[in-house]
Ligand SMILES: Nc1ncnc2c1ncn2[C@@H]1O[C@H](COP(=O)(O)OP(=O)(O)OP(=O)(O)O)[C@@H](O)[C@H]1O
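Only one chain is included here, represented as structure tokens and corresponding to the form predicted alone.
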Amino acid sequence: MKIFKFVKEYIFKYKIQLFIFLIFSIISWIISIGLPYITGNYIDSLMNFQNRQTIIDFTIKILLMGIINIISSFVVSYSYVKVQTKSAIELNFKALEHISKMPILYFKNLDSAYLNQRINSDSNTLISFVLSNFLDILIRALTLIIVFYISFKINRKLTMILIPLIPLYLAIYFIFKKPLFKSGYELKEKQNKFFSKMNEQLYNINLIKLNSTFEESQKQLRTSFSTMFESLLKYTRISYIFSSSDSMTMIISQIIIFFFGGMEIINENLTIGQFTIIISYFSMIMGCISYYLNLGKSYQDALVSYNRLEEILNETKEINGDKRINSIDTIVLKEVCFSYDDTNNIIDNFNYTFKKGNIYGIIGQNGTGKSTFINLILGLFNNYYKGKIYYNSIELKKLDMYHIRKRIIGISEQEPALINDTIGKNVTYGIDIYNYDDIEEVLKSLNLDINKFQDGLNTNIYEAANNISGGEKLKISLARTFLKNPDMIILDEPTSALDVNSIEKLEFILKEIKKDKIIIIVTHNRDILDILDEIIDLNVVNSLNCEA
């Protein structure tokens, strides 16, 4: 089964817990098979030999089996939760890791809340399905064989009457197979989109408040709910018709067993104890058949999740090579072209060389491709550009840019992304080796007094960094870049939220460290142009289609 092959590596990581789960599941199953047989024989013993020892023996057996069953059930439930939760998280992480290494343009129109909800839901569905069923399929099959054999030995006629009911179950499954899959897939998609829309309400709360668009946002949410609700009702209708067939078959089966079983007792072909055994075993038989019938339904649900995860994991990863370098001396661009839509080039036939020891400025109007240009040389558009980009004479697509960006490139964005943690953790985020005393020093050099915060470096930054100013956020991002001490520094609008004094301090730092670094600054601020060694004006470059 392809679903089992897909998830086995995540489940088998926890072999000890899985082994415990299997052993105690088998113990519980053995007790469930043995208990009806012991009970039926006990009833016949009482009918034929009424003595206290029979009662005492039976009571002791039932007590021991009950205690063992309680312990086994607890261990099974506890180990199941451990394996299921850990395995689902591993599958979650696998999918998220794959997504994080997809081409950057994959995320252009991506609904992150929808995708997170989808991955989490599908991972849990798949792991739960396999963990619940891979042993159950075997146990239920053995149960059918054993109880059919015992029932056949007790009364052949009654057992043979029940066998024709099995094909009826199989026919029902094949009738509903495709409708269940289709409606299940549709429902999961609509649910994920609805939860995404709910998340959007909270994410855009500031926009909603500023524009007082409470009614409009509620209308969007209700529209999304209505679409999801229609899919839910459709799935419920199909699922109910499918499930109700199980109840009808059970009713028919009960009528058959009580009528013919009663007749066999009257004809003295069956004892009351044997009748109770057959009744109990018949319930097990119907439970097993019902399980296999519903297994088809749950398999279709799991197949939906499997296909949706496969869609994600089959997406092409971004190009990333395996060659590593320990320093960046030059970056050379030769006839580089880039377009978002394969028609109009944002970067067109671009040629340039960046050398260590210089500060470069990237200027240009909005839409001229400043951010695109930075993403190009960082290797974020490896799947899309034409031409050649070289780091130290090595082609960009052959380089392990994950390693290079982590180790020897430092980036401060125009709108810095900070994590929901302390100031200290944000400054050192992604940096493996640093001196703790240097954190306050680098913040001080950027005109940020850490003592103004009540808990200093241990001050927590809230979600969306709304408890610190834009300037403080930018300085934390700059401090992280300088603390990293990389070979190449890229600063996107580094002065946008800084006062005059802070800008002067930033300029001083850049001039001090530029000797052994390539520094690239994207800016609209004319005041910082004085420290630049070379300027790339993308307005001119793109209009002339020539070298910078």
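Model, not experiment: these values are computed from the prediction. Residues carry their position along the shown sequence, with the first being 1.
Below, we turn to the form predicted in complex with the ligand, even though it does not appear here.
- Just one of 239, 132, 372, 217 comes within 4.5 Å of the ligand in the model of the complex, counting any heavy atom, and that one is 372.
- This chain is displayed alone, yet in the model of the complex one of 105, 250, 319, 450 has a heavy atom within 4.5 Å of the ligand; that residue is 105.
- The closest heavy atom approach of residue 442 to the ligand in the model of the complex falls outside 4.5 Å.
- The ligand in the model of the complex is not approached by residue 430, whose heavy atoms all lie more than 4.5 angstroms from it.
- The ligand is not shown here, and in the model of the complex it never comes within 4.5 Å of any heavy atom of residue 470.
- Remark: residue 368 counts among the residues lining the ligand in the model of the complex, judged by a heavy atom distance of 4.5 Å or less.
- Partner contacts here mean any heavy atom within 4.5 Å of the ligand in the model of the complex, and among 267-275, 82-90, 340-348, 431-439 they occur only in 340-348.
- Residues are counted as partner-facing when one of their heavy atoms sits within 4.5 Å of the ligand in the model of the complex; in 113-144 not one qualifies.
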